[in-house]
Structure formats: structure tokens, C-alpha cells
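Only one chain comes next, encoded as C-alpha cells, the form predicted alone.
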């Protein structure tokens, strides 16, 4: 019974949906204010979701109906499941085991794969171009993101997010040496969420809506909700690995601090996507492989040195 409550209410579907929509509002509002615009009202994300759910569901004639319908569900399920292994307002995640870090990174890869498959099976030219871009982009940012998060794990001598968070909470002096990895992870997360300057798969001025061109109604609503929740889970992952402060606080205070840390990451992402313009796919690939990947190796090297020469 409690397992069902965890999945559907807290910290599962309902909690993440509300938190995701709140984060989307803050992201859009801050993005608008930085561009000297008013921005949407507080209820806009919910209104958009209700509008999409109430619309007719249209499937392209040549599309694969089964693949077309199941991809949004898989994207949403993967992101929600990943959150259960991330320590949020305490040292221990809801479900924790040695190796859950790899599971979380794997689960966060699934939404991008569903974007590719959903766009590919839409059979639309615009959707296929967006799908190929999404998959190509995956191979660019995923390696720097993986290395920048595995480096702190090596120093903590654990593949468990709970143990990693506990280690850095008990040894805050090591936090400073992981700042480079934190910066790399933030930029890589922009690519994973397909936000400017890495919104290449959904470049509306080039390929209409990219992967989601043929999607509408509740299927598009599920995709959008999945992206909102993915932003929360990705931000929570970065907060657990790089900002493990206040995990020993009482539950209510720890939860409020967790919300502040996640919103801090969301707002930072908003500022970054305000500063930069969209890159071409070749520029994005070159930046990730020639800049982010070498810097991630530097972070890995730093943590390996600290592992064998511990600070006093």
C-alpha cells in the first residue's frame, strides 16, 4: 500500500507533476523577465496541460500507432522512477543500493530515446530530422555528463547516490574541488533538457516542432510533463552530488532546503539559456567533444589525485 502511495502521490507522480509545473513557471517567468517581458501567469503550465489533455488525439495515417502512443508514457515513467533513487531531504534515498547512480543515469537517458523513437515512427520529415538531431545530440552531452558525475563518485568510493551525498556532507572541504564538474554537469543538463543553446532537435524556426511536430493532445501533454519532471530529477541529481548541504536537518527543513537547491539549479539553467543563442548541431558536437569532454577528464583526474592523496 505504501509503495503505491510513493509511486502515485509522494514523492511520485502527483508531487513531481506539481513541482515540475512550478519549476516550468519559474523558468519561463525568469526567462521572460531577463528579456524584459512580463512572462506567463502562475497557472499557465497547468492551463497548458489541461488544454492539451482536452484536445482530440490525432495519429498520423502512416505512423506506427503503438509506438506513437507508448513513447510519452515511457518517458514519463522513466523520469519518475529515477527520482526514487536520489536522496532529496536526507542522507538516504527512498530506494537505495550500491550502483543506483548508474541506474539513475540510465533512466535519464530513456526520455531522449523515446523522443527519437516517437519522432521516427511519426514518419513526418520534420519529426525524423528532429529525432535524428535528438539522438546525435545524446552522444555529445552524455559522455561529459557521465564523467563529471562519476568523478565525485570515485572520490567518495561509492556508486550509491545516498553514500556519495553522505560522504560530501561529512567532508565539505572536497566540494570546492568538484566545482568544475558541477559547471560541466549544468551545461550538459541544458543539452539533456534540449534548452537553448541546445534546443536543436526542436528548433521551431527550422523544423516546426522537430520530434514533436506530429504530436498533439494528451500525448504531447505527457511529453511536456515528462520534460518538466526530467528537469526536476536532473536538478535533484546535481544537488545530491554537488550540493549535499543540510541533509542532516529535520525532515521539514531538509525538504524546504531541497526545494531551494532544485529551484536554484532551475534558475541557473534559465540564466544560461538567456545568455546564449542556439548552436548548430555540428557546433554542439564540437563543443561537447572538444571542450566539455576534456574538462570532464580534468575533473576525473583531480578526484583521482584527491583519492590517493586525501586532504588532512
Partner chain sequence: MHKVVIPIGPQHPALKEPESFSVTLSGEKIMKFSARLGYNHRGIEKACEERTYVQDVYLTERICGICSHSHSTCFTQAVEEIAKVDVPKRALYIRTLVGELERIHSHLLWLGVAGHEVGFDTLLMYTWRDREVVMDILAMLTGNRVNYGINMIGGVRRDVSAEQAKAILKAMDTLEERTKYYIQVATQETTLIQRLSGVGILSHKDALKLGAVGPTARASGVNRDVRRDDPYAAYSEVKFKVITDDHNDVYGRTLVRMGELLESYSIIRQIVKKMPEGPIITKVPRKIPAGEATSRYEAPRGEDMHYVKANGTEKPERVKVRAPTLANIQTVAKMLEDRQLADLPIVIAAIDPCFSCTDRLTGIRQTGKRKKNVLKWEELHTYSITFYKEHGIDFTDLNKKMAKALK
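Bear in mind that the values here come from a model prediction, so they are computed numbers and not experimental data. Positions refer to the first chain, counted from 1.
The protein also exists as the form predicted in complex with its partner chain; that form is not presented, and the subsequent description refers to it.
Comment: its partner chain is not present in this chain, but in the predicted bound form one of 117, 88, 132, 107 has a heavy atom within 4.5 Å of it, namely 132. Residue in contact with its partner chain in the predicted bound form (any heavy atom within 4.5 Å), chosen from 140, 227, 190, 208: 208. Although the partner is absent here, residue 31 is a contact residue: one of its heavy atoms lies within 4.5 angstroms of its partner chain in the predicted bound form. In the predicted bound form, none of the heavy atoms of residue 64 sits within 4.5 Å of a heavy atom of its partner chain. Although the partner is absent from this view, residue 275 contacts its partner chain in the predicted bound form, with a non-hydrogen atom inside 4.5 angstroms. Using a 4.5 angstroms limit between non-hydrogen atoms, residue 93 is distant from its partner chain in the predicted bound form. Exactly one of the stretches 232-240, 122-130, 217-225, 161-169 approaches its partner chain in the predicted bound form with heavy atoms within 4.5 Å, and it is 122-130. In the predicted bound form, the residues of 6-37 lying within 4.5 Å of its partner chain by at least one heavy atom are, in order, 31, 34, 35, 36, 37.
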